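One chain comes next, on its own, written out as structure tokens in the form predicted on its own.
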Amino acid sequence: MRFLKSIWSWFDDVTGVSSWLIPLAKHPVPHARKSAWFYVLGSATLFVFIVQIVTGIALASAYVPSAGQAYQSLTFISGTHFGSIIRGIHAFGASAMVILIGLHAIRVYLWGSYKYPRQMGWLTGVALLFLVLGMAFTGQLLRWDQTGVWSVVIAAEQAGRTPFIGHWLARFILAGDTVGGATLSRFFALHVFFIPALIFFFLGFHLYLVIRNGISEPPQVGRPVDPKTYRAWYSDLLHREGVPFWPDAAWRDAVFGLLVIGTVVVLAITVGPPALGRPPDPSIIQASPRPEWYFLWYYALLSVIPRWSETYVIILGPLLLAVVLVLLPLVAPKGERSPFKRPWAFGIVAFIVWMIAYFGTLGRLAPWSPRLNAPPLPASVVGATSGSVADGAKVFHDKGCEFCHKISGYGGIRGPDLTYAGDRMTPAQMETRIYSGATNMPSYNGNITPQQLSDLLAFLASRRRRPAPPTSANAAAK
């Protein structure tokens, strides 16, 4: 200990770091009492960001940002025990950052902490929110698999709808006319250099503003913000009830931050990193790319809205969100901070959480997308291993029927469940539907032989809750 103290004394003597570090650590903050744990979200986000930087550097030391080697280098990293854990920490850390910064923004909004004198702190926080989402988006392509590549293609197509500058935006995202090595290089530079640099800048400015203007006190009903008197009132509050940040408040930040990091590490070890998809192949158009869970709700929303409204939602949706977040502290810098005096704030937050949860679940199910990877129905579901029913089950899979229709839990959900198709339709009705098609269902007229049709009808007619009557069985056999 003496040796360490002597090193610190020498370092402090030549740098003078304690002259600003100690006052910074000891600066007073409001005594939050029962609501103190609500203040740990911002610092936990910072802790996870540091973990992301460390694991990102480790991954970048083995990752090759080349179209011909990126996938292979990531496969190599995932194939080693240590590399797999680092990838897992980085992946779960990204999710943790999105969750924490989202919860932090909700807490600040509900408590009215964007009001005077902390308007600029809110604006820098909004910038950090969008930059974190930008990091999450650019990181997906670096996997350089089918999902990552097609997700960027879709993003470029959406950006291309922007009036006047759409073509330029699409070319900027793709770094050209098509996705390729230049796209990967651009996303690697954005993910590793440019966006982290901006995060460091806004993070430093954000922390400076927090120290300069102080941490907002817990809101109370009947205590509105008046810009003319607030600073004097806040200074008196700190003088009367303030506690030093270290150690009275900082220990909670440390405990919660370590808990979050520990959870991320445990998940990385037990669950592992996200699985890589197939290598990118632009000639395979059957890919069904889905973004990470934090963008899944937006993906689902765009999938269910009418086609005529897509352009408006794609362009005006994010623009309106950004405008509202920026104007909020400018148009409402004073007044009540308590959420109980701003009940609409609870409603807005509840609606946002519901929308993300509902559409996120819908995006995970993706009922509008065929299950192109659905395996053939097992014999236990088919009920036969030979004969027309078994042959019909094979036709059901080979013709892609199983990709959209589910039978006994197997298959897609885009079309009606056909587990008990024999109870709902006669073979003649099934034949008409197969030949004529329906909404989101192509016509198989000319694309199925008479024998295949006969086997398929036999299989579908066998799908009943109870044994078919003799007449139905005879009809199915014809």
Partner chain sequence: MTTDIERASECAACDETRRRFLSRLTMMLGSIVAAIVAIPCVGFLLGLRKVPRVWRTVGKLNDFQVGSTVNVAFLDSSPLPWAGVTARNAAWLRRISTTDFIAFSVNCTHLGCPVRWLPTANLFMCPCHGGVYYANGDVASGPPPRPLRRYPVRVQTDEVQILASPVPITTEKI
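We call the rigid core whatever largest set of C-alpha positions still superposes within 1.5 Å between the two forms. Positions refer to the first chain, counted from 1. Not measured: the values here are computed from a predicted model.
As for the form predicted together with the partner chain, it is not shown, yet the points below apply to it.
- If you check the partner chain in the model of the complex, you find a heavy atom from every one of Ala156, His167 and Ser443 within 4.5 Å.
- Here the chain stands by itself, but in the model of the complex one stretch of 181-189, 210-218, 249-257, 100-108, 181-189, has heavy atoms within 4.5 Å of the partner chain.
- Looking at Thr419, you'd find every heavy atom of it more than 4.5 angstroms from the partner chain in the model of the complex.
- Contact annotation: Gly222 falls outside 4.5 Å of the partner chain in the model of the complex, judged by heavy atom distances.
- In the model of the complex, the partner chain lies farther than 4.5 Å from every heavy atom of Ser338.
- Among residues of the shown chain, Asp236 is not one whose heavy atoms approach the partner chain to within 4.5 Å in the model of the complex.
- For the options Ser61, Asn447, Gln429, Ser35, the residue carrying a heavy atom within 4.5 angstroms of the partner chain in the model of the complex is Asn447.
- Interface residue among Pro289, Gly360, Gly83, Gly134, judged by heavy atoms within 4.5 Å of the partner chain in the model of the complex: Pro289.
- In the model of the complex, no residue of 107-132 lies within 4.5 Å of the partner chain by any heavy atom.
- Fitting the two forms on the rigid core leaves the C-alpha of Gln72 displaced by under 2 angstroms between this form and the one not shown.
- Remark: with the core as the superposition reference, the CA shift of Ala44 between this form and the one not shown stays below 2 Å.
- Relative to the shown form, the Cα atoms of Ser84 and Ala374 move apart by 3 Å or more in the model of the complex.
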